[in-house]
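So this first bit is one chain, no partners, the form predicted on its own, shown in structure tokens.
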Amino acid sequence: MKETILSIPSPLGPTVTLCKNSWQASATPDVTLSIVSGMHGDQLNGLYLNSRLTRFLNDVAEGRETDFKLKGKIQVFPVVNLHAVQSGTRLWSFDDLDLDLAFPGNEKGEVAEQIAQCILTHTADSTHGVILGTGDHLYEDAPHAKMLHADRTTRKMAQSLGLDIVRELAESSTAKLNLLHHWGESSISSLMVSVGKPQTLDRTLCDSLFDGLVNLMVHTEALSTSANKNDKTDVHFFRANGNYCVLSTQAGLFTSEVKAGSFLKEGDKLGELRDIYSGNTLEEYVAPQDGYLVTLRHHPVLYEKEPVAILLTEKKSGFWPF
């Protein structure tokens, strides 16, 4: 069921509206799973995934997906930053606020702050939460799950997705302004799924993740199924202190020689930086140690001290034991 949860008059055009889709088996569900996408206007993979999930859940509710039944409550927020999506930009240029740095929000603040407050209010009764995103601006992420609170429940949620890589994030002053942090503060078992790069819809990646999200719904008991489910996937888990950022020391044109999602050995070449005017090689980048290449710069113009890549090191193989 589609529901408008926020309506803000616009001075020059149509009203700004925020909608959600929801399905539930009973008036008082034991489990509520919230799935949020479109936090930034350039994150297209999440929009596509939530559109597929919406169609699937409509089919479940109407009896066309006979292997599945609603058991709890599922609510999907497909497009959070509507104006940014419409303009094709990461942020909405009118207020230029990053929605994922606007939490807990303010019902009397800027539009982004009102939207943040509304999202937090409508997910407050959730038992589980998932944010769908992509790599940051100018970067590509290999498919992986990120979490702030790596407790047993959240790790098992991540395992149910069927992804190879799960990453713990370090707490920071900036992180305290995002939705994932506030869900954790409210004891909502939550994680973020990052896949691909901004401004790009990769259907192959999304389609491979769709089954994992359905399996997560079953795992959290928001759905039940008569089909076999598999939560036994081996997962590589990386602690927050295992993130290694490779930085440039000069400015120039970056060309990569590896792909995000690769396991690298110490000394493997990541790419090189060339002078834009002469074409001469300024520096080469190599893996400082063995690790998994989770994030890679895809935009070639690089400034001094900007990240080239992020490697995950100190791997802990498998999810058992914790």
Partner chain sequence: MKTYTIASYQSPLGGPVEIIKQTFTAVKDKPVKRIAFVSGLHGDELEGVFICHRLTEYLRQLKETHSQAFLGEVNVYPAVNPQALGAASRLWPFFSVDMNRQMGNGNGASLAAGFSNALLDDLKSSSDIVVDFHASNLHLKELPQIRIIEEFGKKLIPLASLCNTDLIWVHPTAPVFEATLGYNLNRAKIPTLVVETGICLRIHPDFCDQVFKGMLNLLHNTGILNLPDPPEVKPPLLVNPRQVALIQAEHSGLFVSSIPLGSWVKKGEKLGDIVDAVNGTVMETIVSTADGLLFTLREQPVIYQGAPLARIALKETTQP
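Note that the coordinates shown come from a computational prediction; the quantities given were computed from them, not determined experimentally. Numbering follows the first chain given and starts at 1.
There is another form of this protein, the form predicted together with its partner chain, and it is not shown here; the text below is about that form.
Asker: Though only this chain appears here, would Thr127 touch its partner chain in the model of the complex if you measure heavy atom gaps against 4.5 Å?
Answerer: Thr127: no, not in contact with its partner chain in the model of the complex.
Asker: I'd like to know if Phe94 sits close to its partner chain in the model of the complex, meaning any non-hydrogen atom pair within 4.5 angstroms.
Answerer: It does: once its partner chain is placed as it appears in the model of the complex, Phe94 has a heavy atom within 4.5 Å of it.
Asker: Is Leu311 a contact residue for its partner chain in the model of the complex, using a 4.5 Å heavy atom cut-off?
Answerer: Flag for Leu311 set to no.
Asker: Indicate whether Asp234 is a 4.5 Å heavy atom neighbour of its partner chain in the model of the complex.
Answerer: The answer is no: Asp234 has no heavy atom within 4.5 Å of its partner chain.
Asker: Of the options Ala150, Val218, Ala251, Cys118, which one has a non-hydrogen atom that comes within 4.5 Å of its partner chain in the model of the complex?
Answerer: For this set of options, the contacting one is Ala251.
Asker: Taking 4.5 Å between heavy atoms as the contact cutoff, choose which of Ser172, Gln199, Ser224, Asn241 touches its partner chain in the model of the complex.
Answerer: Answer to the contact question: Ser172.
Asker: Would you mind picking out the stretch of 288-296, 271-279, 29-37, 56-64 that comes within 4.5 angstroms of its partner chain in the model of the complex, counting non-hydrogen atoms?
Answerer: Within 4.5 Å of the partner lies stretch 271-279.
Asker: Residue by residue through 48-64, tell me which have a non-hydrogen atom within 4.5 angstroms of its partner chain in the model of the complex.
Answerer: Stretch hits: zero.
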